[in-house]
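A single chain, nothing else alongside it, follows as structure tokens in the form predicted alone.
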């Protein structure tokens, strides 16, 4: 897929990877880039730099996503690429005292943003895309959805679920010419990465958001399902599936080192 001449929506577009995606799509000739974010001021600022449009949007709310889709298509035409990019990094506990956590709140918030936001986008766009003969979803997930995230069961679990939904989305609608890509980076130099404790996602080749956005353009051009800005993740995936017990043992050692670091 080439984004030239296309109407594109990016959730979480006010900062980080989302902002870089908006800028990259504009440079690539998108007809209109729509920036959707809870941070309305920054969304408008980004939109101003890419000759785009901005909507305040809480992706955990189905009505907000429906509104963005409805208004974008009413004002600018059919959405040909929807980037479900918004995410949060809450719920991290380096000590991992209890994987079940102490409350439901981080689980519910992570589930709403990392899973249901993708579901809502599909729910409201699939019928439109089927009618007009196709479309494209780019879902920003994380290498944690393929591997794991030491110190955050809620993040890991919901990112795994996001991968599962994207797989089913691609399988269910390939015959309708609806394509799906998932973006699964490790460390990216964003506010979210800086706000969480250092772990295996850190120090393994942290990338700039701009580099990740360039990798997205390349992945979309090839229409590849899995976009890996950190190619080493593929090797980690292979090691995981080759010997699950050994992989869990290795991750447990990382957890032990984190307990030592944060326990002192």
Ligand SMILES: NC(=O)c1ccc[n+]([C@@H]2O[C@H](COP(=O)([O-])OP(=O)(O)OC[C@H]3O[C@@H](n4cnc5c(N)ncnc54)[C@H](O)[C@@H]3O)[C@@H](O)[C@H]2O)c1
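Only a predicted model underlies this, so the values are computations on that prediction, with no experimental measurement involved. Numbering follows the first chain given and starts at 1.
Quick note: we don't show the form predicted together with the named molecule, though the next part is all about it.
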{"item": "Complete contact of 109, 113 and 155 with the named molecule in the predicted complex (any heavy atom, 4.5 Å)", "value": "yes"}
{"item": "Segment assignment from 214-222, 32-40, 66-74, 232-240: heavy atom within 4.5 Å of the named molecule in the predicted complex", "value": "32-40"}
{"item": "Exercise: residue 60 in contact with the named molecule in the predicted complex, heavy atom 4.5 Å", "value": "yes"}
{"item": "Any non-hydrogen atom of residue 86 within 4.5 angstroms of the named molecule in the predicted complex", "value": "yes"}
{"item": "Contact of residue 17 with the named molecule in the predicted complex (heavy atom, 4.5 Å)", "value": "yes"}
{"item": "Close approach of residue 181 to the named molecule in the predicted complex, 4.5 Å, heavy atom", "value": "no"}
{"item": "Contacts with the named molecule in the predicted complex, stretch 121-144 (heavy atom within 4.5 Å)", "value": "140, 141, 142"}
